[in-house]
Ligand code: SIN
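Here we start with a single chain on its own, the form predicted alone, put down as structure tokens.
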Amino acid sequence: MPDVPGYTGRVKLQSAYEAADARVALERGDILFFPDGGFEIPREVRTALTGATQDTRAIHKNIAYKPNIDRVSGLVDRAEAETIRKAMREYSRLALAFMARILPAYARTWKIDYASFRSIEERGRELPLTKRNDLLHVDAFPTRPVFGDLILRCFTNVNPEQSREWMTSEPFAKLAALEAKNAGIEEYAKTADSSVRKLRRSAMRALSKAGLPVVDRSPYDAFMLHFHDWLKGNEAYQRDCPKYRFELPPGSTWLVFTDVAPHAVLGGRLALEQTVIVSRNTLENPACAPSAILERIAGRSLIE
């Protein structure tokens, strides 16, 4: 059992009305589990989504909805786009309201990110190694750096018959203590030097002016993106780390910081998800943030 105070290594059962310690549980790496779903998803939303035809090419892991521009992607048939967009918009609205009711301290400043629909069976799915869902990993976004903030996700299993199978391991505090140096955190910390960052910023401005798509990441974001891939490719970690398996039944909802809790999805289809980016400063214990943990290991700030 990991030596993280209060960590259970299993789903933490909660109802929508018994979540007073939700922040504490989430920040230590627990999953908040709502067996009754926590909120009602209209039948027409479920019907529309279960009929959606996802583009199975590797560039589209899921059907994605971007609330800020009210647009959906990842469909084979664009004729479905309007119906799916409306259904995803409604799920996004309901999930955000539910999350805000449970976690008002986070909601005051969080940034709303994408929603998604995971329509394809996870077991046996063929994807490139770094995109595989069945390997334990912590989340990081290639195109949307968080600059030390955290990735909070709300999942709902809308499959009427099949559970969604998850696996987790010891939370980020223990994982980083064991593996961050092996994964090269000290090299990424060197890029936090002001002179190095100034040169990189100048180069990125030049590339941007030339019309090339560039993403300006903090040293923290760059390491987390690398760590995501490093964990998936580390056979010893995947084989030997402690593992906790869960079945999340039809109709259930669960919330988790997916950059705090290493996780993998082993099986299931028809799951909805809404992501928000939570400010490190709104945590019950900001020292629990992965960025704070890595900064203690590196001995310097990794965020501008």
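Model, not experiment: these values are computed from the prediction. Note that residue numbering follows the sequence shown and begins at 1.
Although it is not shown, the form predicted together with the named molecule is what the next lines describe.
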Between Ile277, Val265, Val45, Cys241, only one gets a heavy atom within 4.5 angstroms of the named molecule in the predicted complex; which residue is that? Val265
Checked Asn159, Asn133, Thr83, Ser218 for heavy atoms within 4.5 Å of the named molecule in the predicted complex; positive is Asn133
The named molecule in the predicted complex: contacting segment from 97-105, 218-226, 83-91, 151-159, heavy atom within 4.5 Å: 151-159
4.5 Å heavy atom contact, Asp139 to the named molecule in the predicted complex: yes
Residue-level contact is defined here as any heavy atom of the residue lying within 4.5 Å of the named molecule in the predicted complex; does Phe172 satisfy this criterion? no
Contact flag, Trp166 vs the named molecule in the predicted complex, heavy atom cut 4.5 Å: yes
